[in-house]
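As a starting point, one isolated chain is supplied in structure tokens, in the form predicted on its own.
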């Protein structure tokens, strides 16, 4: 049974309240429940963590090594700014799928750059909460292909 870590970065604790015209009305708790249900249906487990602090996310990525088979990461704005998160993902050697609720490529120019994508096995964006479902399915297919 595969174990997946679902990490959410800054401001995602405000989902459902913050800019619903961009991010929708679904709360983080609802997304975490969706991830758990999806994983369970596919024979996997999830553990979820959200933090507004870059160091906490880096620590969770480091700690994932040997505990989790894959990481689903919505790094929020750190996607566009954090070389440290990119380095942590690369160093942990745990496959990661990058996910975003909105289509970052259709938004402001600064959001078009993702440092995270350089070390991701793939990026899913623009599908709202369903992007997490797609990310879990893609990760599990990737892990199955590795065995």
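Positions refer to the first chain, counted from 1. For clarity, every value in this text was computed on a predicted model and none was experimentally measured.
One more form of this protein exists, namely the form predicted together with a small molecule; it is left out here, but the text below deals with it.
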Exercise: residue 16 in contact with the small molecule in the predicted complex, heavy atom 4.5 Å:
no
Report yes if any heavy atom of residue 86 sits within 4.5 Å of a heavy atom of the small molecule in the predicted complex; otherwise report no.
no
Flag residue 62 as yes or no: does it have a non-hydrogen atom within 4.5 angstroms of any non-hydrogen atom of the small molecule in the predicted complex?
no
State yes or no: in the predicted complex, is some non-hydrogen atom of residue 80 no more than 4.5 angstroms from a non-hydrogen atom of the small molecule?
yes
Whether 38, 95 and 142 all lie within 4.5 angstroms of the small molecule in the predicted complex by heavy atom:
no
Quick check on this chain: which one of 45, 51, 117, 102 has a heavy atom within 4.5 Å of the small molecule in the predicted complex?
102
